[in-house]
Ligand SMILES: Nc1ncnc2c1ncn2[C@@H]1O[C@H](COP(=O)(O)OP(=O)(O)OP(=O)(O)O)[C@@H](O)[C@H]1O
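Let's start with one chain on its own, the form predicted alone, as structure tokens.
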């Protein structure tokens, strides 16, 4: 069974940055290919990992609806979908990436989630680690895109509002009876020390553990220049913090 890490949080707090650094760190640590899943309709994990995403599950959905009659006789729809999903996977040297994308036409987004869930169930066993970058907020949990997690990692900025959202995500996961073995709160973009007042709120948020991802000027510079986080220096504050974070996962 793979070790599944689901990264969640409200928009703009650094979910995709953390997800990309986790993929890089886990691959460096294990020497293995990591499965990265961009389950955020505002997909940018591929950019942060330095690969061009040619096709998303959302685009595949439209193709299936428009070309359903072209599936060869004797080939089940599910087999055709699984084949196309494997073709849609972007491959890097240290990771494979599948991107959910947006629905492009009318209809329920549930079908895309079902495709993603079925696909993940079929391929996750080929990997030791899976990192899922989820959509902003709590919607992915209510749709149950990810059924089982070893680690639910919720990202927050160092604000009271961000912590309230993080707490709600954890509460929703429990209410929905989503299966996760461990939970970690990651406070991102911290300059200096976490204020004492905020530290008390963090410790009362209900997470099994928490850690800090410090503000990193190099991360900002790469983003401004449109360059991937695979170019981030190993001794940068963010890279060092994620290496430490990985050692704490169980």
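Numbering follows the first chain given and starts at 1. The structure displayed is predicted, hence computed values, not measured ones.
There is another form of this protein, the form predicted in complex with the named molecule, and it is not shown here; the text below is about that form.
J.: Only one of 219, 26, 39, 49 has a non-hydrogen atom within 4.5 angstroms of the named molecule in the predicted bound form; which is it?
T.: If I apply the 4.5 Å criterion carefully, the residue I get is 219.
J.: Check residue 230 for me: does it contact the named molecule in the predicted bound form (non-hydrogen atoms, 4.5 angstroms)?
T.: No - in the predicted bound form, heavy atoms of residue 230 and the named molecule never come within 4.5 Å of each other.
J.: Any chance residue 44 has a heavy atom within 4.5 Å of the named molecule in the predicted bound form?
T.: The answer is yes: residue 44 has a heavy atom within 4.5 Å of the named molecule.
J.: State yes or no: in the predicted bound form, is some non-hydrogen atom of residue 195 no more than 4.5 angstroms from a non-hydrogen atom of the named molecule?
T.: Answer no; every heavy atom of residue 195 is more than 4.5 Å from the named molecule in the predicted bound form.
J.: Could you confirm whether residue 16 comes within 4.5 Å of the named molecule in the predicted bound form, counting heavy atoms only?
T.: Result yes; residue 16 sits at the interface with the named molecule in the predicted bound form.
J.: Using a 4.5 Å heavy atom cut-off, indicate which stretch of 29-37, 183-191, 51-59, 201-209 touches the named molecule in the predicted bound form.
T.: Result of the contact check: 183-191.
J.: At 4.5 Å, heavy atom to heavy atom, what parts of 203-230 sit next to the named molecule in the predicted bound form? List them in sequence order, or say none.
T.: If the 4.5 Å heavy-atom criterion is applied to the named molecule in the predicted bound form, 203-230 yields 213, 214, 215, 216, 219, 220, 223.
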